[in-house]
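Just the one chain here, the form predicted on its own, laid out as structure tokens.
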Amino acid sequence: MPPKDDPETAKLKQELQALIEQCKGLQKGFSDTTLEAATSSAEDLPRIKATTRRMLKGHINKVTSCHYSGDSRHLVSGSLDGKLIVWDTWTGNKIQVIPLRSAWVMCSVFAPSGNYVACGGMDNMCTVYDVNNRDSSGTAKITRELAGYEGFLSTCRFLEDGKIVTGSGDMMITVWDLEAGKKLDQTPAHVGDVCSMSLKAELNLIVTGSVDRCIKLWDVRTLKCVQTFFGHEADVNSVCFHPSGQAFVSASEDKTSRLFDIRSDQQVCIYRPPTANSSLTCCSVSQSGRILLAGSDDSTVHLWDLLKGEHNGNLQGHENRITGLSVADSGIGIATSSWDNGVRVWG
């Protein structure tokens, strides 16, 4: 049990909660409708019948992340076995196995071009590999090791081949020039570890989630916070932009997933599993914008009708916590990673 708050701290928390409720009340005052009312005429979503198309076997320890390349075919996964594996999801074959200097990898991402992969974790470093350029042993060459973090690297996204943005346990987000190996910009992002990040490159926006329970929207050109969103009651484990760029979804330790609308500056829907016993670890949205997917501690991926808020079913097959979820840009494939040492491709 955590220690009890002293009277002064308890009073400050009450004042803060009162201000948050006041803000929520003002937001509702500007709402001319609800999501439920606006989508009441939409047809019900048919039952989704996605199945496992490929089981990607090769890791011998917990898989902590997975991410599709821009070609919607290749996928990178990172594991506590100290390996990155680049997969061909169409055939299920390994393209490359990249040994890491540190086994404690927490994130792995593909550049949209498919030329580079990046990873990081408890080594407090972001390492970038050129998958098209191999050394004498056949392993992808390291192009950059970006050090200078005071906490673990939890998330990163390529802005382009020569530029990457990272979020870390030191509460910072940082933009790097990969050719020069220098920081272009850095700012304190949250008052807790940055857990997750989603990029909308064409709008120059990123959204970040944190253990401080709030979500922030940033202009990546200036690294200035544009909007802050509240609502979750525990750590925000994952955030993901809606394909339209006008909204985003989140997944949290409070066992809910939520939809936030950027234009109205507020939360518009809460999604709860039928039996909300497990935290939600990762989330994404189908390319149609209609289906919300959220991985869970209960080893399944929950599906919801994003517009109507109705639970549509589960993707079942993993045998342990779901750690990563990536939807291919083509919209055809879904990849998930898990503590069961496996990666699955669904369709």
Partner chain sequence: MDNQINEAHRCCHGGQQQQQHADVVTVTEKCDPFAATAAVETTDTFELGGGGLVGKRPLVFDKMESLVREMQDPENGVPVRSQKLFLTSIPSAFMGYDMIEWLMERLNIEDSVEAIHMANLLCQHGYFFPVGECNKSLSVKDDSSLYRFQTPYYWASQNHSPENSEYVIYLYKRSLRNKQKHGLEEYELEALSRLKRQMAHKWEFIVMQAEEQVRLAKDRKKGDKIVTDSQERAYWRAYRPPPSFLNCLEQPPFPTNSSWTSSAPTSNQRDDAAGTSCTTASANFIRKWKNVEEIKTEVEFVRGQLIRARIKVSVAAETLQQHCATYSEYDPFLHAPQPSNPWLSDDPTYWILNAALVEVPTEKRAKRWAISIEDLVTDQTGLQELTNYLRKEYSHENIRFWLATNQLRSGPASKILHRVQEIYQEFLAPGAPCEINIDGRTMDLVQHEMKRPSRFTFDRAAEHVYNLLLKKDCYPRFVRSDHYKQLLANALQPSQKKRFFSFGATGKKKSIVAATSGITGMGQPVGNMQQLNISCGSSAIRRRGSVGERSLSGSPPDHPHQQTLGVSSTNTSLLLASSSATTAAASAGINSSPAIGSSAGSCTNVSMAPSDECDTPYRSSSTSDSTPILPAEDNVCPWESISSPPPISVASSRTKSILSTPGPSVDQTEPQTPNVSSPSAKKSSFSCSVDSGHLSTDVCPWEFGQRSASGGFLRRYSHQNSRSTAKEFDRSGGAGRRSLSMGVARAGNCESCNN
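Numbering follows the first chain given and starts at 1. We call the rigid core whatever largest set of C-alpha positions still superposes within 1.5 Å between the two forms. Not measured: the values here are computed from a predicted model.
If you look for the form predicted together with its partner chain, you will not find it shown, but the lines that follow are about it.
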From I173, I98, L199, M106: within 4.5 Å of its partner chain in the predicted bound form by heavy atoms is M106
In the predicted bound form, does Q316 come within 4.5 Å of its partner chain, counting heavy atoms only? no
Closest heavy atom of S284 to its partner chain in the predicted bound form, within 4.5 Å or not? no
Could you tell me if V131 has a non-hydrogen atom within 4.5 Å of its partner chain in the predicted bound form? yes
Going by a heavy atom distance of 4.5 Å, is S264 a contact of its partner chain in the predicted bound form? yes
Need the contact residues for 18 to 45: heavy atom within 4.5 Å of its partner chain in the predicted bound form, sequence order, or none if there are none. L19, I20, E21, Q22, C23, K24, L26, Q27, F30, S31, D32, T33, L35, A38, T39, S41, A42, L45
Is it true that S330 shifts between the shown form and the other one by 2 Å or more at the Cα, once the core is aligned? no
Determine, after fitting the two forms on their core, whether A42 shows a C-alpha shift of 2 Å or more between the shown form and the other one. no
Any CA movement of 2 Å or more for L26 between the shown form and the other one, core superposed? yes
Versus the form shown, are the CA atoms of A189 and K13 closer or farther apart in the predicted bound form, given a shift of 3 angstroms or more? closer
In the predicted bound form the CA atoms of K11 and A189, compared with here and shifted by at least 3 Å, lie closer
